[in-house]
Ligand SMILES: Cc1ncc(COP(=O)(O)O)c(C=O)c1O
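In structure tokens, the next block holds one chain alone, the form predicted alone.
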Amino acid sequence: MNIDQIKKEFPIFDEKIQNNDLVYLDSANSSQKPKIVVERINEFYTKQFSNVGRSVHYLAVAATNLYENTRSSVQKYINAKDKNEIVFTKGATEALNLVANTLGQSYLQEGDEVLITELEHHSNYVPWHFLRKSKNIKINFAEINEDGEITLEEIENKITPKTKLISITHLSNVTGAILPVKEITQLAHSKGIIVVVDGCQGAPHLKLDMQDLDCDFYAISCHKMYGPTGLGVLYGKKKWLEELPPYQGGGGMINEVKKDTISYGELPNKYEAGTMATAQVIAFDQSIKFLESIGIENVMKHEADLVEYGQELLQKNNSVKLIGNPKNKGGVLSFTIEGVHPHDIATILDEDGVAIRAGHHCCQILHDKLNIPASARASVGIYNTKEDLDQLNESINNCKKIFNL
């Protein structure tokens, strides 16, 4: 791959940050957007705009077809059986809330247990906490090992006769650990347990095949996949989406409304109430085409090389401590510097044009387990190079000098 050529597809890299070339190492937070995505949004709003699924005039029909084309593209990209298993949401957070809310209404009962892990983002914990409060379910936590991983054995040990659902991240946004989702799903299904996967970090960086993973639900955040903000995807097996109740009520999700009865629309309309993020959905088709043009296998190899190189650099850097050392790792390098708060690290690196994230990354339970209040995190995307990681290391050294380390 010609990374320099790929980088030219992203207009943001033409800009100077603090009078420096931008070194963007915050893709786990949100990826930058290629110009084909930006231009597609502009084109739709200026030349093709209409609401979808309502009117029969030319613009409305054309917009609806474009919208549904993206659904078909997502279906093929993740190898879902049916395009109606693809539900558009306003983000992965809403997708996970949709699953928790609807399962809470019709499936989970008082005393049932949900198993999650210590790696989970708040979006894959708080919705289950709501059910703990409202339905008195119990939440159990699979614990990380010393390398920041969740093993299949740990999941198996935490399953009890009352476990009805396992909800796990595909790839940790802090340690970078890639969980054995396929094996966990096989184990869960052998015991009649539902599996929900938070794929926010998995979808941009790993090859997805829902027939191979076989999980029941998979949530995707489009803005981390070089796509627009305000958009997510929920994959759900058809049998579950047909069985579960709607999440929200409104226009577009109904079949017939009378004063005393309401019937709901067919999939996926049943879960897409109101006016959807039409421009974002249509532009996301370009994000998928962008990733397909590069090839997800090429993305995975490139990012694995970057992470290996970055780990070697930071492991040699005195005072820098990497968080987690999983055997199967995605494009995340979280670290601390002894004696320097992560927010100070990020602020100082920003002066060199190096963009990283600092904080608990919406993973307070994990940070509590590690006995640290926060961490600094560098995360890679398709546009990053080894030179970016050299600059990261150099800027860390500048930070250390300021603190006399």
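Computed from a predicted structure; not experimentally measured. Sequential numbering from 1, following the sequence displayed.
Only in words, not in the display: the form predicted in complex with this ligand, which the text now covers.
Name the stretch: of 270-278, 108-116, 295-303, 121-129, exactly one has residues whose heavy atoms fall within 4.5 Å of this ligand in the predicted complex.
Stretch with heavy atoms near the partner: 121-129.
Is the gap between Ala28 and this ligand in the predicted complex 4.5 Å or less for some heavy atom pair?
Ala28 belongs to the contact set for this ligand.
Answer for Val332 alone: is it within 4.5 Å of this ligand in the predicted complex, judged on heavy atom distances?
Although this ligand is absent here, Val332 would stay clear of it in the predicted complex, with no heavy atoms inside 4.5 Å.
When the contact criterion is heavy atoms within 4.5 Å, does Ser221 count as touching this ligand in the predicted complex?
Heavy-atom contact with this ligand at 4.5 Å: present for Ser221.
Using a 4.5 Å heavy atom cut-off, state whether Thr93 contacts this ligand in the predicted complex.
Thr93: contacts this ligand in the predicted complex.
Quick one: of Thr185, Asn173, Gln286, Ser167, which gets a non-hydrogen atom within 4.5 angstroms of this ligand in the predicted complex?
Residue within 4.5 Å of the partner: Asn173.
Can you tell me which bits of 192-211 touch this ligand in the predicted complex, meaning any heavy atom within 4.5 Å?
Going through 192-211 in order - heavy atoms within 4.5 Å of this ligand in the predicted complex - the hits are Asp198, Cys200, Gln201.
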